[in-house]
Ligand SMILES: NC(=O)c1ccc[n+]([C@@H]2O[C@H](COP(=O)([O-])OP(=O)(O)OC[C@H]3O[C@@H](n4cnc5c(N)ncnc54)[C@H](O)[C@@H]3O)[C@@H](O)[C@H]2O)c1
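Have a look below at one chain only, the form predicted alone, in structure tokens format.
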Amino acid sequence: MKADRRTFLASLGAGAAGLGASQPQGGEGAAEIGVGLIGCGTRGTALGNALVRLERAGEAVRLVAVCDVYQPRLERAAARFSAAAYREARELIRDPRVKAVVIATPDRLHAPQAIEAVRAGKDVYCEKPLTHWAQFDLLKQLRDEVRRHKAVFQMGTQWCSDPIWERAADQIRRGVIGKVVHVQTGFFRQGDVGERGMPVDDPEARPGAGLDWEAFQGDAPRRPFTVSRFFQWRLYADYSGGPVTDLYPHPLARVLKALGAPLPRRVVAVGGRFLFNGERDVPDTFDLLIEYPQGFTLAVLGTVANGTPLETVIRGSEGTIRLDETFGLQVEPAQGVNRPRTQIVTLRDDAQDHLRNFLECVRTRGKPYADIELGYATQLPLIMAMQSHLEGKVAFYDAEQERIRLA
């Protein structure tokens, strides 16, 4: 690293340390929570901005440290948030002012960074997906470490922050719709803005002191550096799964929350690159069907080639729960069932609310909206689906042995 860059980072670290010593800004003398942000790209910056808004609204929180493997991004984030700058996640995690960590790095880095943070006694807000689709063992390890250390863990599926799904869960537990037999949900988007639309900061960027290509790759197969692989990594199966792991955690997590976070028995998936090709090697269209041992199936369907939505529906033997994205949940009795039709309205899916819930749980040691158990129940069938798709087989989950088998 050039001398001026070293000086810049050192000055930021010293300045942020001074800020960390200031008085808490949050209400009624609440202890300030120092947060470290790992990953300062588009999503990480959005989460950092949300934390700043919470602080300005009176929340006792301060973004005290940031980390990124790409120097220009790190410098921008450190200046934007007046935070200490770290090139390596482990260094940020060791900072004693950091009490909680927000992880917004590429998929393969989520679990290793979260595990290290939890072992260091930090609470964790981790963007979805919890792991890359090839990291099932790390998913189990992450779940076990969160349990062992009793860490507060929030998966970054902000759709779960809407209390409507707790209400739906209550309806199901009370038997209002009878036995659940069939569920459908999905994610549809017009265009591959989430992959090919990822911004390229510098078309001339190259690995070196200001771009740590080795750290970016994590445990991925080693590939030669390209600008697209680094900045538009969601196009590549080495680092992403496409819609199934990048988008589907949102709709799947919320219905699994309503259903009590069950674990699957078997999963089958189909899909492919039906419209968008080029350098992309992840699907643009992906459908999966999950069978649960409780005796129901769950279909998750979607494409980034057409934005026409699919209704989210939970069908039971005595009624149906429908999601209307404008008006909330409709609970309808089945034909011949003498029960009134009801409507539950809240519809909130804001990342700021999701972060606020996380911070509240850090203080109270309560259960966040999207805890590690829901995270495991969400990520497991998505991993199975990607493996089913790639191998052209059915994926089975052995709950007793905690193993995935393809047949």
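No experiment lies behind these values; they were computed from the predicted model shown. One rule holds for the numbers: they count along the sequence shown, beginning at 1.
Same protein, other form: the form predicted in complex with the ligand, not shown, and the subject of what follows.
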item: Location of the ligand contact in the model of the complex, chosen stretch of 325-333, 152-160, 261-269, 139-147 [non-hydrogen atom, 4.5 Å]; value: 152-160
item: The ligand contact at residue 43 in the model of the complex, heavy atom, 4.5 Å; value: yes
item: 4.5 angstroms heavy atom contact with the ligand in the model of the complex for residue 225; value: no
item: Residue 132, heavy atom within 4.5 angstroms of the ligand in the model of the complex; value: no
item: Close approach of residue 248 to the ligand in the model of the complex, 4.5 Å, heavy atom; value: no
item: Position in contact with the ligand when the complex is considered in the model of the complex, options 69, 380, 359, 51, heavy atoms within 4.5 Å; value: 69
item: In the model of the complex, the residue from 127, 123, 195, 284 that sits within 4.5 Å of the ligand by heavy atoms; value: 127
item: Partner contacts for 93-121, taking the ligand in the model of the complex and a 4.5 Å heavy atom cut-off; value: 104, 105, 106, 107, 109, 110, 113
